[in-house]
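First comes one chain, alone, set out as structure tokens in the form predicted alone.
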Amino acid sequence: MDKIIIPKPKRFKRNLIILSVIFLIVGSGWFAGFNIFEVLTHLYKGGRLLGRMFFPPDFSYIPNIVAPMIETIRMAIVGTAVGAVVALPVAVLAANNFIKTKWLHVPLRVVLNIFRTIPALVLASLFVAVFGSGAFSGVIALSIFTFGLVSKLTYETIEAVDYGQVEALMSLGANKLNVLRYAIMPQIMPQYMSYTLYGFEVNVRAAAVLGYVGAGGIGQIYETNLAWRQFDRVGMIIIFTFFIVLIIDLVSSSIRKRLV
């Protein structure tokens, strides 16, 4: 009876990969000027700052936070809605299994990748310079960010649909619009709505800091209080924002689980 030979693991290759990763991390930290000892020596300053912010926070400041937080949520709602509506037809055109024309879906994907690489905070800074301070600049920034996010996820979903339904309709002589309406849309709508809700979650968190560059919302009073070193109010803003975002995330996650 022949012996079963179990090949030994290639330890040299594994160790080489581990050493390469360690070298990459250490080298990146060195070039970035990261110093763990400096972090440890300044921990007491961080603890003192946290004490001024949260022990205790200024609870009497809550009435001043409510209106900016409502504005932040409104910015996220409008930005998500506009971006998601525009994203759906663009995603259909970018999917290579529906419109099989490279000169159309390839440039669209390049444009979508460009939009996704620009953070919402950077977009808000640009639009504040163009349109001035206020919630409008923040809404435009969130709309573009949502458009890039939802469109990419949606066209990937379209490319993964069950093509049997599409072929069945095409064999009956259905045109592109009928195929889109009766075969593709019913399959992708739950995922599309889930991506939209996910975009809303992200936008609420992003909108909370857009005011820091003058794009309205609660970030604006956060920046003002931080500039005046009113840390007890800053702590209250952080706590209030945390609970609002947590509630929105829980509700949105529950809805997304029901959709998918």
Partner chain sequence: MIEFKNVSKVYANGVKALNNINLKIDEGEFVAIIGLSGAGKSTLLRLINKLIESSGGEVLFEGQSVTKAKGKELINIRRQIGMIFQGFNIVKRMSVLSNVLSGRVAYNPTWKTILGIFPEEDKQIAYRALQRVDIIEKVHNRASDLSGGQQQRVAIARALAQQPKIMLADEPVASLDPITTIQVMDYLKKINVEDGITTIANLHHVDLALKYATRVVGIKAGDIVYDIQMKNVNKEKFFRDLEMVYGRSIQNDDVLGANNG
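What we label the rigid core is the largest C-alpha set whose atoms superpose within 1.5 Å from one form to the other. Numbering follows the first chain given and starts at 1. Only a predicted model underlies this, so the values are computations on that prediction, with no experimental measurement involved.
Same protein, other form: the form predicted in complex with the partner chain, not shown, and the subject of what follows.
- This chain is drawn without the partner chain; in the model of the complex, the residue among S133, T101, N113, N178 with a heavy atom within 4.5 Å of it is N178.
- P190 is the sole member of P119, P190, P89, P107 with a non-hydrogen atom lying within 4.5 angstroms of the partner chain in the model of the complex.
- Heavy atoms within 4.5 Å of the partner chain in the model of the complex map, among the stretches 140-148, 81-89, 163-171, 119-127, onto 163-171 alone.
- Although the partner is absent here, A183 is a contact residue: one of its heavy atoms lies within 4.5 angstroms of the partner chain in the model of the complex.
- Put the two forms on the same core and the Cα of L172 is off by 2 Å or more between this form and the one not shown.
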